[in-house]
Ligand SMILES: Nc1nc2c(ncn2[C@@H]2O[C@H](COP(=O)(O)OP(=O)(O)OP(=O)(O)O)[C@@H](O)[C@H]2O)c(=O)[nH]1
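The chain that follows stands alone, in the form predicted alone, written as C-alpha cells.
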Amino acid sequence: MQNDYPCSGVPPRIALVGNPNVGKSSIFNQLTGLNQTVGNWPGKTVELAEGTLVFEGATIRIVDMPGTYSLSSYSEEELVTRDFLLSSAADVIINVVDATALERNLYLTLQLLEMGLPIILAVNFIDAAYHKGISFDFKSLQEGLGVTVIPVDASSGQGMTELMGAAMRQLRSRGGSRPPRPKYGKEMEYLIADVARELHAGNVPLPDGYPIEWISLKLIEGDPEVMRRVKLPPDLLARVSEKTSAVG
C-alpha cells in the first residue's frame, strides 16, 4: 500500500501519551523494536525516546512521551508534553490507559480532548482486567468519548496491528473532524465562551496552535504558564478575573 496520507516528505509522527506505569513504553518497544534513539528534550532534563516502524508500506515515527498524570503546568514533564502536543509536533496521539484503573486514567484523556487533539484510546492490560472480573463496553466508551478505542495487551503484543490500523486511518483523514471537547455544564460553558469573546474583542495575541477555547479554560483555571504566555492587558485581566470569581 502506498503512503496515501498527507505528507511533505517527512514521515508522520505518533505520540504515545499516558500516566506512568500504564505500559506505554512496552507498546513503544512492541512497535519500534530496536529502531530507537533516546536523548533529552532541548534545554530540559526530560528524556525523549523516538523510534520508527514500517506499517502498510509507510514509515511512521513513534515518540514515547514522559509519563504524566495531567497536562497542568506544575512539573517539567507536564509542560514538555503539553507544549509538544500543542505545537502540532504529533500527527496522531495514542492515549494509553490502564484497563484496571480506567476511571483514574481518563482524567488525562479528558484533558487531551480539551485541546482538540486527534486521539486514539489504547486500553492496555486488558487481560489483567478480565482476570480481575472487570468487563468493558468498548462501544459505549467510544461513543461517549468520540474517539476510537482499541483494547491491547502490550506484554503479548495483542492488539498492536489493530492499534496501528486505527492510527493509519486517522493519519489518512488528517484535517477532518476532531473529537468533541468535553462539556462542563451551562454556567461553565457560558464563561468559556464569554472569555473567548473577550480575547477576540481585545485582539489579544495568542500562541500559535493553542485553541482559543482551551486558552479560555486555562485562564479560568488560573494556569500560571498560560497566564504568563498570554499577555492580557490589565483591564481585560481584571474582567476575566471578575468573571471567574463570580462562578468560582
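In this text, all values refer to a predicted model and were calculated from it rather than measured experimentally. Numbers follow the displayed sequence, beginning with 1.
Another form exists, predicted in complex with the ligand; not displayed. Remarks below refer to it.
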| item | value |
| --- | --- |
| Proximity to the ligand in the model of the complex (heavy atom, within 4.5 Å), stretch among 180-188, 23-31, 210-218, 51-59 | 23-31 |
| Answer option from A90, M164, L71, A154, heavy atom within 4.5 Å of the ligand in the model of the complex | A154 |
| D127 within 4.5 Å of the ligand in the model of the complex, heavy atoms | yes |
| Any residue of 62-76 that, in the model of the complex, places a heavy atom within 4.5 Å of the ligand | G67 |
